[in-house]
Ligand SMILES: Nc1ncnc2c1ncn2[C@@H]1O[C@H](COP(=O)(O)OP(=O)(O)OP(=O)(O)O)[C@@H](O)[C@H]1O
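Read the single chain below, which is given as structure tokens and is the form predicted alone.
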């Protein structure tokens, strides 16, 4: 069983978008997937309730615990804003990797810098038992804000997995309870291409 934690103390940075689309990808690949929602807003859980039954199944963590379904291949955890202290430590211990989404704004960069300092003090991260990487979210490559974001991500020294563009397909997927990997390939070709390095890194890290 492999566990991916999507986390950042900054709200609205794209955690649920990452978590639901990761879950959708691994389900589409024929894996048994559990989506754990730690956020009180329950955005990932609501997405899961909207998911059409004809698509590859994704189980909620509650379903996994209460109904004793067989051990999943992947657990994808969507975390809340302000995620710190004992709950964060426990989630990191369980995770093979932590993916930190960050948007191109000064507010996001400052908040994420503080959160990365918190992660760096976690024992599992220091001992290289849990790996951390960054993903740029809602990125427009032609802006000064994106240049600042890329400079910050490079400065951290952490793996930069990808920059995901600000695409309407993510809003569409959120409304329909689907991931971009459930949509017509020709419709999302540019977006799925941006995911390839992220998916390869996650697969490599969790199978090493």
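Positions refer to the first chain, counted from 1. As the structure is a prediction and not an experimental result, all values here were calculated from the model.
One more form of this protein exists, namely the form predicted in complex with the named molecule; it is left out here, but the text below deals with it.
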Interface stretch in the predicted bound form with the named molecule - options 151-159, 34-42, 49-57, 177-185, non-hydrogen atom within 4.5 Å: 34-42
4.5 Å heavy atom contact, residue 98 to the named molecule in the predicted bound form: no
Close approach of residue 146 to the named molecule in the predicted bound form, 4.5 Å, heavy atom: no
Contact label in the predicted bound form: residue 81 to the named molecule, heavy atom within 4.5 Å: yes
Residue 102: touches the named molecule in the predicted bound form, heavy atom cutoff 4.5 angstroms: no
Whether 91, 129 and 208 all lie within 4.5 angstroms of the named molecule in the predicted bound form by heavy atom: no
Partner contacts in the predicted bound form for 84-99 (non-hydrogen atom within 4.5 angstroms of the named molecule): none
